[in-house]
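Form predicted alone, single chain, as structure tokens, below.
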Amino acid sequence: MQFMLELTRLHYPVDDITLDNGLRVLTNPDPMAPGVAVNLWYRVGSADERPGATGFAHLFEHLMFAGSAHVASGEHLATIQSIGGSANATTSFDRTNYFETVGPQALELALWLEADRMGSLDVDEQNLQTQRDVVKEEKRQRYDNVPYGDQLELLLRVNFPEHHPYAHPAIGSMADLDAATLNDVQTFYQTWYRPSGAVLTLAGAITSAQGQELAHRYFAHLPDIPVPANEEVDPLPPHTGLPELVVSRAVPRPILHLCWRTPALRHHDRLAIEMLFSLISDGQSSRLYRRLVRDTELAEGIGADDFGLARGTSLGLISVRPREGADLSRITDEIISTLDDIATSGPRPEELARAKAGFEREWLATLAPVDERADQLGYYATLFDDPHRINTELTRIEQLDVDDIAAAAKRWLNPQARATLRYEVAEGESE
């Protein structure tokens, strides 16, 4: 036990300042790191899109590499790669982020590139059409022409009402993108891509004084223009009436998803839900793996996770890949029985200890590389307004007890409050 306590005393140094134009700057010095991670979180995601104008947040993940006042289209990525660095971007419901990892000698170059596109992105008709076509091709490859490619869209449809901010995936509607005008897209950029809506994190071989001086040098000239507040959304009530969506697709196997409306990211029950999902699904000793895969041989695999959504309501699900010919109603009964047991009696202490140890191992491995650590700092600053939480999350996990898990199961994972998404194999398709 003493070893566990020592491991959880994390103290990553984090210096947190805000420039006069609203840009929040985090520095995490790590003199042993071989390079420096540059990570920018913008407080805009697909949940900030309005009906009829979806897909804009993800479109900018591509447009941001299409050139700016002093950088030609494609040169941002090519320049970083030419000096041995890496760069990429991701879009989600509540944020968009852009990141590079470079050697210390290239840090100023990376900051100059990021500042140039924050202040002067080149959004013209040619770039819009080119990147719109890129997004369409991405949708064909990742969503339209692969098994279970519409899975996320269907999960959101089952669990969120129409026009809810989380009712559509980040890829958006291709019809909406086709209808988007250049003015629409430029307005989206001018609204959200401002210093006051961003968090810049520098982690690695740099001192706090150096990081803050460089942030001032490259970003302080950008204007202070307020970014709108993200829309507040009331929590949704639990599901009633056991809603179910069954789809027939050309897929190799049926898939079963049981879904619940769970607490939003900053709710005090969130970590208990995460721990509950972990102890029932992670590893061969977890409850559902033993019951469904090993003992009854009803399933080939199982998983459970929460989307970690920040506004009002999140989405938790238990997913099962049944064996050929397995009785799906029996699988559902086994899951319900497991949840009822945990809600009534809680997990066994050894189960909870094993789940905590797994979380700790994965958490420490995640934070070891500076690029992942920078991303977590941006996450906590943007969505929790507390970058120092990176040092306390393990303590919060360790403080969870059996009663906390039981209470969370009872409050949020009532079997009568579930919804179901089920894939069936289309006629003529073999399992």
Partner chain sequence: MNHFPVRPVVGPAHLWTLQAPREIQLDNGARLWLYDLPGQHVISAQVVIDAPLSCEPAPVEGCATIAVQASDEGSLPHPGPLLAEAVEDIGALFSGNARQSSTVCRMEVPVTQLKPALKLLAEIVTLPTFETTDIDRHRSLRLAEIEQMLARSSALAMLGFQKAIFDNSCRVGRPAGGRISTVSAIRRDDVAAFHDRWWRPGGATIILAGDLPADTAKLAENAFGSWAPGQEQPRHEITVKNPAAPVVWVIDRPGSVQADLRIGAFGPDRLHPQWAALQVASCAIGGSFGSRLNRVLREELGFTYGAGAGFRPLASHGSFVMQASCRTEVAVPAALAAVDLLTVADEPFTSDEVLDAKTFLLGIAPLRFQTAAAIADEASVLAGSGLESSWFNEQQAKISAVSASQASEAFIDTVRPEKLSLVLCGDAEQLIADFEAQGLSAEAVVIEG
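Positions refer to the first chain, counted from 1. These numbers come from a predicted model, not from an experiment.
Although it is not shown, the form predicted in complex with its partner chain is what the next lines describe.
The partner is absent here, but in the predicted bound form a heavy atom of V293, alone among A343, V293, V233, V158, sits within 4.5 Å of its partner chain.
Q284 is the sole member of Q284, T240, T181, S329 with a non-hydrogen atom lying within 4.5 angstroms of its partner chain in the predicted bound form. Heavy atoms of every residue among P34, N145 and R323 are located within 4.5 Å of its partner chain in the predicted bound form. Of the candidate stretches 260 to 268, 77 to 85, 173 to 181, 150 to 158, only 77 to 85 has residues with heavy atoms within 4.5 Å of its partner chain in the predicted bound form. A residue is said to contact a partner when one of its heavy atoms sits within 4.5 Å of a partner heavy atom; T101 meets this definition for its partner chain in the predicted bound form. Although the partner is absent here, R396 lies well away from its partner chain in the predicted bound form, with no heavy atom inside 4.5 Å. The shortest heavy atom separation between Q210 and its partner chain in the predicted bound form exceeds 4.5 Å.
Its partner chain in the predicted bound form comes within 4.5 Å of no heavy atom belonging to H164. Along 112 to 145, residues W112, A115, D116, T130, Q131, D133, V134, E137, E138, R140, Q141, R142, D144, N145 each place a heavy atom within 4.5 Å of its partner chain in the predicted bound form.
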